[in-house]
Ligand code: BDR
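Before any questions on how it binds or moves, here is one chain, the form predicted alone, in structure tokens.
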Amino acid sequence: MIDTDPGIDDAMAIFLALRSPELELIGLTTIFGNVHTALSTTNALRLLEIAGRTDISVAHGADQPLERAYAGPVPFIHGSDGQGNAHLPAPSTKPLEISAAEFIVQQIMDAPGQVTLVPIGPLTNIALALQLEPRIAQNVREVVLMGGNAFCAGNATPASEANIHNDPEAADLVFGADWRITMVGLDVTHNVIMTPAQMNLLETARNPLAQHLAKINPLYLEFVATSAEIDGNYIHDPSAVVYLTHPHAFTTAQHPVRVETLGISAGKTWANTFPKRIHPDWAGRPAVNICVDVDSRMVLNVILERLGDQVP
């Protein structure tokens, strides 16, 4: 199950999951972040229509963080519509009547040990699901999230990554829960860069998923070129999906994590790296499986092979 705020790289992650034979996507839950939650829900429905998978359920999530106001969308990155200003037609399908948190709880408790949560947006829905039914921590198979920056600078602020920055209180709750959790953060995703030449491979692919990605990527490419001065797109959210199918492409380290919730560093994910002791503020928290290095070529090849049907 993917929790998402689509989002250009979210679209790639969702399509990649659908094109990965190892995975069964059982639902999308939506959250604010790149866009308001209402538009996230609309975009999730639209993306499933493009993929021909309207059989997959979509549940509308929280409209605001747990304890603070939503900072607002980022149209200069993802477009006013969240899809690179592609201005897709309205979806013909509708979301479920139950909330995202209720849907998450229902799916996990109906299939203990089988459901993997893949949050690629702020973690509010996941925190609300934990509050609604704490037993999901013992019944989920795994949580693999895109977010955080344990050992590098942020991208929303110098201190914090955007997904965690949008709801640090929720993130601290999620990282503190007693479940198996992997963090695919900026420590690795800033090393996974799809070049314009690689993106051009999507333009030549005939499938509608690749064609949509080719249409929406230029705006994101322009933003990254201007803000980071690199020639290519950071592949954030799809990296979390690749971790599910190719975990051997990633090197990990295990440390408890706390999330800063105050001041100019709000959203910073702090790993306790003391080799022989746990600081009291990290005591009792589980070790998080933090991705610290990546075989970026393998990750990109998986994405291009599955979405574009060809390898560079």
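These numbers come from a predicted model, not from an experiment. Numbering starts at 1 and follows the sequence shown.
Unshown form predicted in complex with ligand BDR; subsequent notes refer to it.
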Exercise for review: Within 4.5 Å of ligand BDR in the predicted bound form, counting heavy atoms only, one of 160-168, 132-140, 83-91, 96-104 shows up; tell me which.
Suggested key: 160-168
Practice item. May I ask whether Asn34, Met146 and Leu186 each come within 4.5 Å of ligand BDR in the predicted bound form, counting any non-hydrogen atom? Key: yes
Check your understanding: Though ligand BDR is not shown, can you say which of Asn207, Asn155, Thr195, Thr116 has a heavy atom within 4.5 Å of it in the predicted bound form?
Key -> Asn155
Check your understanding: Does the 4.5 Å heavy atom contact test between Ile120 and ligand BDR in the predicted bound form come out positive?
Key -> yes
Practice item. For the stretch 276-293, return the residues whose heavy atoms include at least one within 4.5 Å of ligand BDR in the predicted bound form, in the order they occur. Key: none
